[in-house]
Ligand SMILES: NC(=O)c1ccc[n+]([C@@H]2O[C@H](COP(=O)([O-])OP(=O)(O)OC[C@H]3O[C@@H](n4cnc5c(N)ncnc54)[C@H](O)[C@@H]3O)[C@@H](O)[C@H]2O)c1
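Quick setup: one chain, the form predicted alone, written in structure tokens, and binding and motion questions come after.
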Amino acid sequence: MNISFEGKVVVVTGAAHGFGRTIAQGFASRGARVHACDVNMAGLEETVKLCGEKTTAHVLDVGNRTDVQALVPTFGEVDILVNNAGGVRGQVGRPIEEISESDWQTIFDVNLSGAFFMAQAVAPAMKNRKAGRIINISSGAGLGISLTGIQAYASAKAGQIGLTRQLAHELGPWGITVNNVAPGFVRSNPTTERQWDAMGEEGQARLLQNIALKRLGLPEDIAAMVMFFASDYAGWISGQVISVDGGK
């Protein structure tokens, strides 16, 4: 299966490290013009070095609708949007009574509102062309529970999956597909490294035992599913959530 994105314009959010960086590299290596977005400029600069001259870095907080609406139109006609920005914003699992309004909201801003704002920004041009791909990166936490016990994260990712299905039906008449990749636990960034260490040897062994393939995946495994959803091979697939987690 030879997948090429020559001549395509791709936007990847959360591209400063982890899944986002690997996804950006995957598109760049297949010929796409990539707009890499994140709040972390230093990380974006490293991503651009790895991707090459057809990739451009943009500092963007996807949870800020005004900034999204100002930046995205400067990209021209976007063919593919990957909503990867997310995470737990440095939080750890705590009892429900200890969660403040800002703790709750900041996770929703990046994981759910950001995906909505970005899709909202690219939809008009995609409708005009009657073509487009939107791929959201959720989590196994959105289909089950958060391994770290973070209520807002599990809720926001579940909401993002609902958004995926809703937008698939709304945008489908214009030939736009909207799909979702739900990764399992992958050691892909500083946050997941801290989570892995916090599990200890017993917790790590238990996690691996619950995976059918008995091993952790790689960021490249997630990027491969994104490449498929973005390709012509997935032209009649929309509103779907695919777990890339080694089998549960």
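Predicted, not measured: the structure shown is a model, and the values here were computed from it. Residue numbers here begin at 1 and follow the sequence given.
There is another form of the same protein, the form predicted in complex with the ligand; it is not shown, and what comes next is about it.
A.B. asks: Could you tell me which stretch in 96-104, 77-85, 120-128, 172-180 has residues with non-hydrogen atoms within 4.5 Å of the ligand in the model of the complex?
C.D. replies: It is the stretch 77-85.
A.B. asks: Give a yes or no on whether every one of T148, N210 and D245 sits within 4.5 angstroms of the ligand in the model of the complex by heavy atom.
C.D. replies: No, because T148, N210 and D245 lack any heavy atom that approaches the ligand to within 4.5 Å in the model of the complex.
A.B. asks: So in the model of the complex, does any heavy atom of D61 sit within 4.5 Å of the ligand?
C.D. replies: Yes - in the model of the complex, heavy atoms of D61 and the ligand come within 4.5 Å of each other.
A.B. asks: When the contact criterion is heavy atoms within 4.5 Å, does L218 count as touching the ligand in the model of the complex?
C.D. replies: Because no heavy atom of L218 falls inside 4.5 Å of the ligand in the model of the complex, the answer is no.
A.B. asks: Taking the shortest heavy atom distance, is V186 within 4.5 Å of the ligand in the model of the complex?
C.D. replies: The answer is yes: V186 has a heavy atom within 4.5 Å of the ligand.
A.B. asks: Closest heavy atom of R133 to the ligand in the model of the complex, within 4.5 Å or not?
C.D. replies: No, R133 sits far enough from the ligand in the model of the complex that none of its heavy atoms falls within 4.5 Å.
A.B. asks: Considering A198, A70, V39, L50, which brings a non-hydrogen atom within 4.5 Å of the ligand in the model of the complex?
C.D. replies: Here the answer is residue option V39.
A.B. asks: Quick check on this chain: which one of T192, T56, S29, Q204 has a heavy atom within 4.5 Å of the ligand in the model of the complex?
C.D. replies: Checking each option against the ligand in the model of the complex, the one that comes within 4.5 Å is T192.
A.B. asks: Within 213-240, which residues have a heavy atom closer than or equal to 4.5 Å from the ligand in the model of the complex?
C.D. replies: The stretch does not touch the partner at all.
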